[in-house]
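The form predicted alone is given below as one chain in structure tokens.
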């Protein structure tokens, strides 16, 4: 079972677009849109949100994201009306970035609290850092050239994060002077690594070697493009 997601928006098209993007990141996660009014107008509909939450819950709980203030109120009222209000949570997060981060976390098997935290953390500046001090212990490293058309952008970044989810390893991806957490889709995207760029991958921890192997395998098959 994986945590489900519900996108609450005043616009049906906006909600559906966010769901489409999140589904590309997490094909095994139930992500549902609850946007607009039943007649197609702009607004939020309480009954539609409740129904979406109920459908999205496979037993691991649901995280709801919203676009504007009144959508938050509708989402919170829907959660309060559930038989078990503790099974769902409304998260204050940027809608697109939060949905991407949450969907990847859910795909990796994170629990509801961790999925909610991933969404909320998406509002912080991307974790791209320069001049980091070396990690304790000798890291395992590899250097890879990106041959896929879109480089390390949305879907490839999500694939990389999913490939190492659950491993006991701290993974860092470096492009030039910039370095990003290999477990963060948004940080990886912020590197702006493109086709033919060369990235350096380092990993520390008990499963560092497995993390390196999985990332090398992804690059070898061009991130399934």
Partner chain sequence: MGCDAAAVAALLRAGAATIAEHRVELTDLDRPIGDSDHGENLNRGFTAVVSTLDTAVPETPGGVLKLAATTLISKVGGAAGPLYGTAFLRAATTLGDKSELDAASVVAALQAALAGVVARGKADVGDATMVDALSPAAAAAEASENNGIAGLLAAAADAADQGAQSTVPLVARKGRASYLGERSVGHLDPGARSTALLLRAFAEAVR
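Source: prediction; values computed, not measured. Positions refer to the first chain, counted from 1.
The following text describes the form predicted in complex with the partner chain, which does not appear among the structures shown.
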| item | value |
| --- | --- |
| Residue contact check: residue 148 to the partner chain in the predicted complex, 4.5 Å heavy atom | no |
| Residue 198, heavy atom within 4.5 angstroms of the partner chain in the predicted complex | no |
| Non-hydrogen atom contact residue 179 with the partner chain in the predicted complex at 4.5 angstroms | no |
| Any non-hydrogen atom of residue 117 within 4.5 angstroms of the partner chain in the predicted complex | no |
| Of 113, 138, 82, 73, the one that lies within 4.5 Å of the partner chain in the predicted complex (heavy atoms) | 73 |
| Candidate stretches 169-177, 41-49, 186-194, 155-163, one within 4.5 Å of the partner chain in the predicted complex by heavy atom | 41-49 |
